[in-house]
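Following this are structure 1 and structure 2, which are two forms of one protein chain, each written alone as structure tokens.
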Structure 1
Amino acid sequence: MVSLQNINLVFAHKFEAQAALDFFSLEIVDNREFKIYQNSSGMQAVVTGMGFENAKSATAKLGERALEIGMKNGLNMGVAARAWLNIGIGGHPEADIGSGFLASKIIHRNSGDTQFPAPVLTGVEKAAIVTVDKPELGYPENAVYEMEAAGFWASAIEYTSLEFVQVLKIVSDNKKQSIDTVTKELVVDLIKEKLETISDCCAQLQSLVNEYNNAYSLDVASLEIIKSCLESYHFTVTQKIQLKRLVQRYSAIHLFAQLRKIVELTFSSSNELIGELSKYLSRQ
């Protein structure tokens, strides 16, 4: 299996999570407010509890956690982006039980707010998702009815670019087979049957996130140079940003050797170093 280190999974209920937690070897790492899971590659998951508010709070909790871990691993020079996938069950008027849908839009019934996840994933049918406060028994629109996607979205987009926030719902009930027939066992089985789809969505997201992170993260050599600068001089927050951009520019213009030479010189302050780095570029 490809490494899915930058994926965050969000489930409402432990029965929705169970099969995926086993499949991705996710183990519990935090059992306090919300159950948070992680595997050895860095994939994370949270079980939020039912409803908009729980989904919103738990997603934010996982977002903060991922951010903290990212900060610890870096030099405060930007944290690697992560992708988010909300997985759960829902009701649909017509679709067969077990059908999977990626959200083409998310309508929060209570507020009327509508969001549009970017259609970056392929291989799964798209449908509108309606987040309701109470189970919808009438299925009035051609949409998947569930209770968490809008809350999940509201928090997840605070932590990443919106292309990386996706919702996958699996139909558990419809007009022919009402919500009363949904049992714990059925939920576990429905998710289990869709593990391949879930895995494929995660792989697609990971691939996109990799591209994003490769484009926006500094490479090892750049980070080393920045680290040595930060150890030698005091930098303000603004100066750190200036330094990062200068290192990016030297790298983009293929002047890395020159960058090393300049950084190895001795300066009286970070200001003087930044000035010298800028001056050299302006002479090019």
Structure 2
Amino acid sequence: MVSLQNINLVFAHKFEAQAALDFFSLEIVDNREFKIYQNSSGMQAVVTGMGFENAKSATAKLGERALEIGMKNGLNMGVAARAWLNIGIGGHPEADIGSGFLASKIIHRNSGDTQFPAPVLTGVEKAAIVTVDKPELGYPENAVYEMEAAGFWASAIEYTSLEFVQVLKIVSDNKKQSIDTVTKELVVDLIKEKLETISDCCAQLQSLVNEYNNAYSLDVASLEIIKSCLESYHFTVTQKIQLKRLVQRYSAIHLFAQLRKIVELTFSSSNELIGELSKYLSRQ
């Protein structure tokens, strides 16, 4: 099997997750606020619980964990991009039970917010995903209805680049076979039948992440600047990600000398440092 060390999987329920956890040899490593899993290659997963807020919180928790572990195990690991895949079931007005769809757009019905995942994965049909607060029984649009994708997106996009946040939903109910027929056993079987598709999506994402990390890898001098900044100021998890991306941009457009000049100045906070780095780039 392809090594999938830079993949994070997000599930709402343990019975949605179980077949994939077994397939990828993911074992529980944290059982506090949310159940978090990891395998020997570094692939991770989290079970969020139902709903937008749970998905948002659990995804953020996994993102923070991945970043902190990366920083502890080696700074270069801490700045490597990871890909995120939300996997789960949903209802669709017409599609056959067991059909799989990648999100072409994600609509949060409660807020009206709409997001558009990058169309980087192949081999699976695309569809709109509508995140609702309670199960949709009427299926008013030609879309997949579920309860977590928008929450997942809201957090995952803070930890990586747009193309590395994807959603895969498997149809569990439709107008002919209502949500009342959905059992835990059915969900387990639906995910199990889509393991090859899930594995292929993960392999595609890992390949894209490898290309990205190789293209935007940081040299020793850039990594030392990040380390120096982290030692000089207090950074939140989000600010650490912002700092990494800024240093990558300075390095990519050959502004390392200016980067060094800026970080050698004295700032009152990490936020002020990030603001100055961003301001200089905006003028280029």
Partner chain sequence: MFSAIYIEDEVREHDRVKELLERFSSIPHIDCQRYGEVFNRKGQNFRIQKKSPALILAKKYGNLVLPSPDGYGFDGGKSYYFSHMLNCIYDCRYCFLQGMYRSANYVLFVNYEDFESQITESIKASDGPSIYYSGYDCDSLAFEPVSKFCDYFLPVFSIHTSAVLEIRTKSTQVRSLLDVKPLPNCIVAMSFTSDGASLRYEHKVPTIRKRIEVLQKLQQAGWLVALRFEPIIWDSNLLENYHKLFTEIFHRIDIDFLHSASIGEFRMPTSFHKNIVKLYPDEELFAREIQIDNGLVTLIDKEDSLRQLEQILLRYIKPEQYYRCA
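Counting starts at 1 with the first residue of structure 1 and goes up one by one along its sequence. Bear in mind the structure is a predicted one, so any value in this text is a computation, not a measurement. Think of the rigid core as the biggest set of C-alphas that the two forms share within 1.5 Å after superposition.
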property: Label of the structure corresponding to the form predicted on its own; result: 2
property: Location of the hinge, rigid-body rearrangement between structures 1 and 2, from S217, E158, L230, D200; result: S217
property: Relative rotation of the two rigid parts between structures 1 and 2, taken as the smaller one's turn in degrees; result: 60
property: For L259, CA displacement between structures 1 and 2 after the core is overlaid, in Å; result: 17.8
